[in-house]
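Only one chain is shown below, in structure tokens, and it's the form predicted alone.
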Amino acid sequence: MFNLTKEDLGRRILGCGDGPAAFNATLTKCGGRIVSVDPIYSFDTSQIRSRIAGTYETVMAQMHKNQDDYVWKDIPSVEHLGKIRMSAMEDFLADFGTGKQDGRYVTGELPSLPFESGQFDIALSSHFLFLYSAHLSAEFHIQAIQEMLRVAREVRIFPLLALDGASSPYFNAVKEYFSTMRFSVDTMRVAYEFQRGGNEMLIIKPV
């Protein structure tokens, strides 16, 4: 979804709002340098496991209800999706204790990150900015991206759709704001598409 090349995977990566996902664990095993930041990391492994178990049935029921909004190609069914997600979460949970001690899982949240300016090469936001446009304001989006650009040389955001599948109402405002601030602002189509129509990411970096 972020079109990360082999060269990109060798850079210093920050994942914003990563939650209980396996990317950090997987990339670390491959020798990559990644830090994930999320408020859920304030809990311990057993507490996070309990939260995952407590929401699983609700999430799966929502997927069944809204399955026409998704592309069932690489993932053939809701049941298969559930197995993939739980497998990824188990990989995360197995890595979380060690990763937290190593500083790879950091408690924090946008729009204020606990990192030094320029600490990372790439900052990623997956399924958070734009997706939750009904809950997060345009001002929040701009402040969050400004903060990501403070700590990283490049920002990538995926997808560009809101939860209802429509384009985020804040996309044009964000693009205009950062273009005016003399950043390079580009969209790129990527090979990944699960949310129907959600196959583009936004790339922002200094000119």
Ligand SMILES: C[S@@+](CC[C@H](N)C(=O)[O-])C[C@H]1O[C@@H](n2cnc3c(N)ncnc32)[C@H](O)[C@@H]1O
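Start at 1 and count along the sequence shown; that's the residue number. Please read all numbers here as calculations on a predicted model, not as lab measurements.
There is another form of the same protein, the form predicted in complex with the ligand; it is not shown, and what comes next is about it.
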| query | finding |
| --- | --- |
| Contact segment among 149-157, 34-42, 58-66, 176-184, judged by heavy atoms lying within 4.5 Å of the ligand in the model of the complex | 34-42 |
| All of T107, F115 and F120 within 4.5 Å of the ligand in the model of the complex, heavy atom check | no |
| Contact flag, K100 vs the ligand in the model of the complex, heavy atom cut 4.5 Å | no |
| is_contact(Y170, the ligand) in the model of the complex, heavy atom dist at most 4.5 Å | no |
| Exercise: V190 in contact with the ligand in the model of the complex, heavy atom 4.5 Å | no |
| Interface membership of Y70, the ligand in the model of the complex, 4.5 Å heavy atom rule | no |
| The ligand in the model of the complex - contacting residues of 119-135, heavy atom within 4.5 Å | S126, H127, F128, Y132 |
